[in-house]
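Just the one chain here, the form predicted on its own, laid out as structure tokens.
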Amino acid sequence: MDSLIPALENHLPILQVIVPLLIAPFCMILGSRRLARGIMVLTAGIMLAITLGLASLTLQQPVITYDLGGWAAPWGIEYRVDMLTVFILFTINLVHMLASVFCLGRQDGNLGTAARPAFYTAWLLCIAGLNGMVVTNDAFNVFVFLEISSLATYTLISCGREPLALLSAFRYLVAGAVGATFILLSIGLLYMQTGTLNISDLSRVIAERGSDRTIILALAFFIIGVGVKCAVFPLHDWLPNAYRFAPDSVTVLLSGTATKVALYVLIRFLHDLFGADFGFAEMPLDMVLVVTAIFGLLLVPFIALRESNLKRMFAWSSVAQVSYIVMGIGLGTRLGIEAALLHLFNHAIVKTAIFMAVGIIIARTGTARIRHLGGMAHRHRFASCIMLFGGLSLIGLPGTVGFVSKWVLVTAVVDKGWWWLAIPILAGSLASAAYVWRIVEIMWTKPAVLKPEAPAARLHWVEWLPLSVLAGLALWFGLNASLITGLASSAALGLLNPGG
């Protein structure tokens, strides 16, 4: 046993991918939905434990490398784990763990009749792809894992019980295929110019040779492709319907993981592959990202305000919140990256909690129409209060996690000398207050328009437990953000100064 633990520690990076990849087929082979759900939750717990193990190792060794098959980079495929990697892995696997528990309470009630245990296989394949995108240090492997997670995601969305779920999955497939094509073209151009696919090696060769038209074109293709995957305004069209028609548990999972990993890839490629000097000094990438973010955080809340469907409204909110993260990335400074990572984590836990609460209310009432939510706060107090608390965090009210990350973002724009950016940040928060207040007004002040549900429709432990954990984390980090702020700061510093 003493020799087994160090051996496992040496393989923790690859276990982030291998464990869900190997376990996924058993969910389908066993043919039992109950067993498949149990395997899914058990796997989620294992993945979170592996992430915590990697976190402890990075405290001793800032950068952990793993050569797949013993072939050293750049000839072989290298996995690389640092503080930024652990930060994102923790976000993914924490959300995965809580979403898996929440999925137990769905009892497949919101899955289409075609859903089989293969649903849970696709669920684990999605997680394997997302984790692989984070740990790999090979540009082509990023694309491979991107396709694994994307194909699994299309399957998960199509399992919704409404007929339009299949159409939403197809629209996402088309948008995802376009985005993936641009990313693949970017990687192909980089390989053509450098002869390597290892991200660290690519960075070295680009720095030595300098930029040319091919590298510039590769950067442009990459920004477009990953922008689709991040749902960056105006490349976001796939997201509202994907979240709206996906099963509730799938919406919960995707809202806290999919776009967050795509944003991580954006950060990693801009700084570790292309280099900050090229992207933010030679190219006007900072202004492109910042201007895009301004339009997103100012315009999208008004689209959300006009929505009649609760899930679509909060889906549009996700597009707006991504804009704050993109703005932090666009600043290109340590504080900017720190603000982006903070908001990435905070939005993941808040939006996961919100969509859990939304799923509970929809399951109890049978409707997602906002105008039908009158009196809901008095009949489903816990879920309604979670939704209210999450909405206040989206606004950025003091005492919430949203305020912490937006405050760091304002500090970052002032530190860079772009103090005027504080105006659209504040305006975006005020715009968010409009659609949040609309929900509050209807749920707390309007009379009920639906017949009361049966008294037996109370919260099950698999519903209130993950909600309570997420609410506790949001409250804790909102009142005492030193831990998460320190982790985000260390991740940003390690990204910009890998040798320091």
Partner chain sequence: MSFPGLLNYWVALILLVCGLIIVMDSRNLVKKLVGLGIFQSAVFLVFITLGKKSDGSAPILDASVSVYSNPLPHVLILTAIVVGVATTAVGLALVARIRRAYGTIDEDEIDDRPEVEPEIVP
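Residue numbers count along the first chain shown, from 1. Everything quoted here is computed from the prediction, not taken from an experiment.
Same protein, other form: the form predicted in complex with its partner chain, not shown, and the subject of what follows.
Shown alone, this chain has one stretch from 250-258, 177-185, 90-98, 352-360 that lies within 4.5 Å of its partner chain in the predicted complex by heavy atoms: 177-185. Although the partner is absent here, Arg171 lies within 4.5 Å of its partner chain in the predicted complex, judged by heavy atoms. For the chain shown alone, Leu197 is a contact residue for its partner chain in the predicted complex, at least one non-hydrogen atom being within 4.5 angstroms. A residue is said to contact a partner when one of its heavy atoms sits within 4.5 Å of a partner heavy atom; Arg80 fails this definition for its partner chain in the predicted complex, lying far away. Put simply, Ala377 is far from its partner chain in the predicted complex: not one heavy atom of it is within 4.5 Å. Not one of Gly472, Ser490 and Leu495 is positioned with any heavy atom within 4.5 Å of its partner chain in the predicted complex. The contact residue chosen from Val291, Leu151, Ala207, Ala422 relative to its partner chain in the predicted complex is Leu151, the criterion being a non-hydrogen atom within 4.5 angstroms. This chain appears without its partner; in the predicted complex, the one residue of Leu166, Ala276, Leu266, Leu388 with a heavy atom within 4.5 Å of its partner chain is Leu166.
Within 4.5 angstroms of its partner chain in the predicted complex, the stretch 370-388 places a non-hydrogen atom from each of Arg371, His372, taken in sequence order.
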